[in-house]
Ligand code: NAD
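Next comes just one chain, in structure tokens: the form predicted alone.
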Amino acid sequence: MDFSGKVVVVTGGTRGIGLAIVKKFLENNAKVILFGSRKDTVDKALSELEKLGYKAYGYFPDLSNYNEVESVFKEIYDKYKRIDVLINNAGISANKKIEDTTVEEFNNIMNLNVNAIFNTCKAVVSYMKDRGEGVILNTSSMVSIYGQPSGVGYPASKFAVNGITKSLAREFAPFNIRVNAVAPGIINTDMVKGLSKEMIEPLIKSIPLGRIGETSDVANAFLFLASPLASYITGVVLQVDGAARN
């Protein structure tokens, strides 16, 4: 899993699953550029990585603004002369019932979880085509397959992510650009760590493997799909959920 010489861009890379993905690729010798929502969160993540002995780079573009996204990708390409892997991990969730959800809240979810992926893919694909290869990976979710009892915007956006993944896989295949997604289940992020024992135990019982997933489990899936070991895999939504099927 040696990514020496490879340039990897990770959106939503400042914490949680995104930061775990960044660390995993740095461990495997990639040059990593992480995107965050604000300068302070980007600086904090870069500082944390530096303390661990890693050197990464960061930007904080508005992913819903195509012109801003295009400008940042051009700057990255002009600097490194290549972009090998794009990982679209930025996103927001929702859990309100539909009657409590404003139109603005729904639109915000779609902007970051769907429109941003369109923007980054559109901005990066010409650079990958020029090199004759590339990998695009999107973060989906188990709710993209099963839905959820409230917060309709989140599963709707992740269903869309799966559609983007499968469609672009077919569109980009002639250019040797693979497109896949990873659909995590219940993962041990800060949000899950903050749940009470009474809430955690039923969650664990619902997972056949008998444990909550770790961010490293998800990061390993991204690393595999980006590697030559997955050279004949495209258009796949890989579930990383311990067989938790609902």
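One-based numbering along the sequence shown. Everything numeric in this text was worked out from a predicted model, so none of it was measured.
Not on display, but discussed next: the form predicted together with the named molecule.
Using a 4.5 Å heavy atom cut-off, which residue among E50, E198, D40, D190 comes into contact with the named molecule in the predicted complex? Of the candidates E50, E198, D40, D190, D190 is the one lying within 4.5 Å of the named molecule in the predicted complex.
Among 203 to 211, 32 to 40, 50 to 58, 173 to 181, which stretch has residues with heavy atoms no more than 4.5 Å from the named molecule in the predicted complex? Heavy-atom contact with the partner occurs in 32 to 40.
Quick one: is I186 in contact with the named molecule in the predicted complex, heavy atoms, 4.5 Å cut-off? Heavy-atom contact with the named molecule at 4.5 Å: present for I186.
Is there a heavy atom of Y154 lying 4.5 Å or less from a heavy atom of the named molecule in the predicted complex? Contact check for Y154: yes, within 4.5 Å of the named molecule in the predicted complex.
Is there a heavy atom of V69 no more than 4.5 Å from a heavy atom of the named molecule in the predicted complex? No - in the predicted complex, heavy atoms of V69 and the named molecule never come within 4.5 Å of each other.
So, T139 and the named molecule: in the predicted complex, are they within 4.5 Å at any heavy atom pair? Heavy-atom contact with the named molecule at 4.5 Å: present for T139.
Residues of stretch 67 to 98 in contact with the named molecule in the predicted complex (4.5 Å, non-hydrogen atom): N89, A90, G91, I92, in sequence order.
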